[in-house]
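In the form predicted on its own, a lone chain appears below as structure tokens.
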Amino acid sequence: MGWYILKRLIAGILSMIVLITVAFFMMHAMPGDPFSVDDNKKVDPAVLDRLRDKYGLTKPIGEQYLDYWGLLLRGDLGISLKPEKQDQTVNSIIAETFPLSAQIGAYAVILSLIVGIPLGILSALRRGKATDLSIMAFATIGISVPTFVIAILLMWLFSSRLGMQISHWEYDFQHYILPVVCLSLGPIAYIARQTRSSMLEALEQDYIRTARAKGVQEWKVIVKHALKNALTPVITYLGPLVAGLLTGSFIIENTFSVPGIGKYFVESVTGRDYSMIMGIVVFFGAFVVVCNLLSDILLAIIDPRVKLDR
């Protein structure tokens, strides 16, 4: 297992190097800089030039790239370049905003699993019947409809029709409902489809027929034998799912005014806040690498057929 983990860590580090390099040069390829957006049109150009020089934006791009790696290797993600952030460090902004995004994401992950897996099992057991067709119709819609469309529909329903106050964020139960539901609908649909497909395949295996022939109770056949193998694709999907949901959905957080890391990322892109953009890209990339590694290890623990020494 140690050799496997080492290989995955090396692959993750190489992936991070490529990600950071591509993101850095693509970001600087955009027209303008953090001090050339519309908010700065009334500022004296000489002041803007001094700000560019202060933050090293007048250096050659190659030198800026090396300077960034020097900061990154010390664990410093830089400082925000937007005046309203008052020179806050990116590390402190992420530390402040990530817990809320992680909390909402954790609720969404839990909801996705406790709803998606049972729906997939029920669909497989009722194959070809009305229950199966209804669940698959829901799953198809959940996968096909974009998240922002679902968010707008839920906002219209709960705000306009039911009178729920969602124009600003409050730390109470009702304000968690819509972001969590929006984040979990897509994963629920995907998990349900994957679980159904795997369950149907597992139920056709010889060991299932043998268990039933021995008189094993049906619920034990489903839960103890079939479900264990049917969860393999779900566990594989769990790594990127957890990483994506716990680090915040950019669209959902911006739509529902959630002051999480996703909302700050959207604002940093529109404001060309280079340090904030790169900081969140690095944080998100590292989180994905770690979550994928953990999901692979969990898969090997659950399924002995998966060998960690490969």
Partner chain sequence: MQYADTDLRSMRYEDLPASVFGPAEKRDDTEQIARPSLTYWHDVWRRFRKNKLAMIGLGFILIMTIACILVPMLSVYSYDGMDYTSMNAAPSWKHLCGADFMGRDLFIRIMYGARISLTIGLVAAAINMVIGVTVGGVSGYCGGYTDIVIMRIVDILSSLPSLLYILLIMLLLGKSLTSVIIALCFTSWTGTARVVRNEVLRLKQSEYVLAARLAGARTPHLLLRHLVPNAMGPIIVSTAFMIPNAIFSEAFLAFLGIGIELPKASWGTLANGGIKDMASYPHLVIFPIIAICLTMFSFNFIGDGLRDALDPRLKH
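All values derive from a computational prediction rather than experimental measurement. Positions refer to the first chain, counted from 1.
One more form of this protein exists, namely the form predicted together with the partner chain; it is left out here, but the text below deals with it.
Though the partner chain is absent from this view, in the model of the complex it lies within 4.5 Å of a heavy atom of just one residue from 72, 110, 152, 95, which is 152. In summary, among the residues 106, 177, 143, 114, the only one with a non-hydrogen atom within 4.5 Å of the partner chain in the model of the complex is 143.
Screening 95-103, 73-81, 177-185, 143-151 for residues having heavy atoms within 4.5 Å of the partner chain in the model of the complex returns a single hit, 143-151. Although the partner is absent here, residue 295 sits far enough away that none of its heavy atoms falls within 4.5 Å of the partner chain in the model of the complex. In the model of the complex, no heavy atom of residue 89 sits within 4.5 Å of the partner chain. In the model of the complex, the partner chain lies farther than 4.5 Å from every heavy atom of residue 46.
A residue is said to contact a partner when one of its heavy atoms sits within 4.5 Å of a partner heavy atom; residue 134 fails this definition for the partner chain in the model of the complex, lying far away. Taken together, 56, 246 and 275 are entirely out of contact with the partner chain in the model of the complex: none brings a heavy atom within 4.5 Å.
Heavy atoms closer than or equal to 4.5 Å to the partner chain in the model of the complex belong, across 204-231, to one residue only: 204.
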